[in-house]
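We begin with a single chain expressed as structure tokens, specifically the form predicted on its own.
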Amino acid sequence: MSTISFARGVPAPECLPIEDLADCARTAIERDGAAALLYGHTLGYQPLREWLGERHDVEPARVIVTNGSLQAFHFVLSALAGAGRVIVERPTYDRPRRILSSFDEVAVDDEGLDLGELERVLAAGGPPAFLYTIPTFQNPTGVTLSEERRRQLAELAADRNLRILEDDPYGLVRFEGEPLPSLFELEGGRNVIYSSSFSKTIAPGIRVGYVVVPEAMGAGLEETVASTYITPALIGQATVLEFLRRGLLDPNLERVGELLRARRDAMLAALERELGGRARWSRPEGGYFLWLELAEGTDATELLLRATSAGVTFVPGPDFGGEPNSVRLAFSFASPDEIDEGISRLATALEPVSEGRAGIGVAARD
């Protein structure tokens, strides 16, 4: 029996534009030659910085191209670490939780970051170094910060000079609903630092992310970046630029969106069939993940041991700061048929801890 993974937040192989990327890489090397193969600008491949600057309506000097968006987090943290505490969402992406030695937390609900709790956390201590948030199709919950809260948070950033690192690797991976303005757009980029990545929209193996920083931060970050590497991986960046220049991003997003929507729908249908009335879950309009909350008293970490034996894996919610009964399920990698079978296996693994709890279940979340 092969294992079905709901743990991997990566695109399925069929989501990758392999032929297009191969042709773009060949063109980039043949056309740009030495510019892509020698040392280049410390802050990234200059033509790509210019493309990204135009996309976000900023000077290219404010754009740093990185090896994925997590490296952008490292750079921002290095620049601002001495400025105070860091505030993160609860739950949030597990990597920053591992990187930070200490942090404050603010809960996420069905509309995203709880701004009332954020106000209380801000009032309880000195000015923070920054707030780290994933407002769109959040990892791990899949929820999206509502437009009303986005506008309130942007106003808060402007009024309080609150620095915010807006991590947005999933925002373009939308397969229903209307796009929402970014915090960066709403606030004007004075206090909001915007990071994203082409890992989820093109391919993770190309390792191209970027961060748009306020003008005052650019010079200081260049020294930090230069102490990390002499130059980033320019071939991947040149390949991405060729992909973008050919106008391939939007068609690829449409194709990937259809593949991921089918996977999300398969997971929602299987959860309703297997766990309806016994659990609740998010219904993301895009991205890679959904959040499952099992009956109170369920230990997701202990459940993982039984589920692994049954041939299905996931990441327990506590890894992200979630409650003991919570689970992150990635629907991006497995096929719809595998998702259907995997949720069935998960429900079977859950049965030993669900006996006697038939009346405890809660309704599925919209």
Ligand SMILES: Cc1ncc(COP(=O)(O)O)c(C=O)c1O
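Model, not experiment: these values are computed from the prediction. In this text, residue numbers run from 1 along the sequence as written.
Missing here is the form predicted together with the ligand; even so, the following discussion is about that form.
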On the criterion of a non-hydrogen atom at 4.5 angstroms or closer, are Asn139, Pro169 and Lys200 all touching the ligand in the model of the complex?
yes
At 4.5 Å between heavy atoms, only one of the stretches 200-208, 274-282, 75-83, 261-269 reaches the ligand in the model of the complex; which one is it?
200-208
Considering Leu70, Leu43, Val315, Ala334, which brings a non-hydrogen atom within 4.5 Å of the ligand in the model of the complex?
Leu70
Which pick from Trp291, Tyr194, Phe243, Tyr132 sits with a heavy atom within 4.5 Å of the ligand in the model of the complex?
Tyr132
In the model of the complex, is there a heavy atom of the ligand that lies within 4.5 Å of any heavy atom of Phe175, even though the partner is absent here?
no
Find out whether any non-hydrogen atom of Phe103 is located within 4.5 angstroms of the ligand in the model of the complex, and reply yes or no.
no
Residue by residue through 92-115, tell me which have a non-hydrogen atom within 4.5 angstroms of the ligand in the model of the complex.
Tyr93
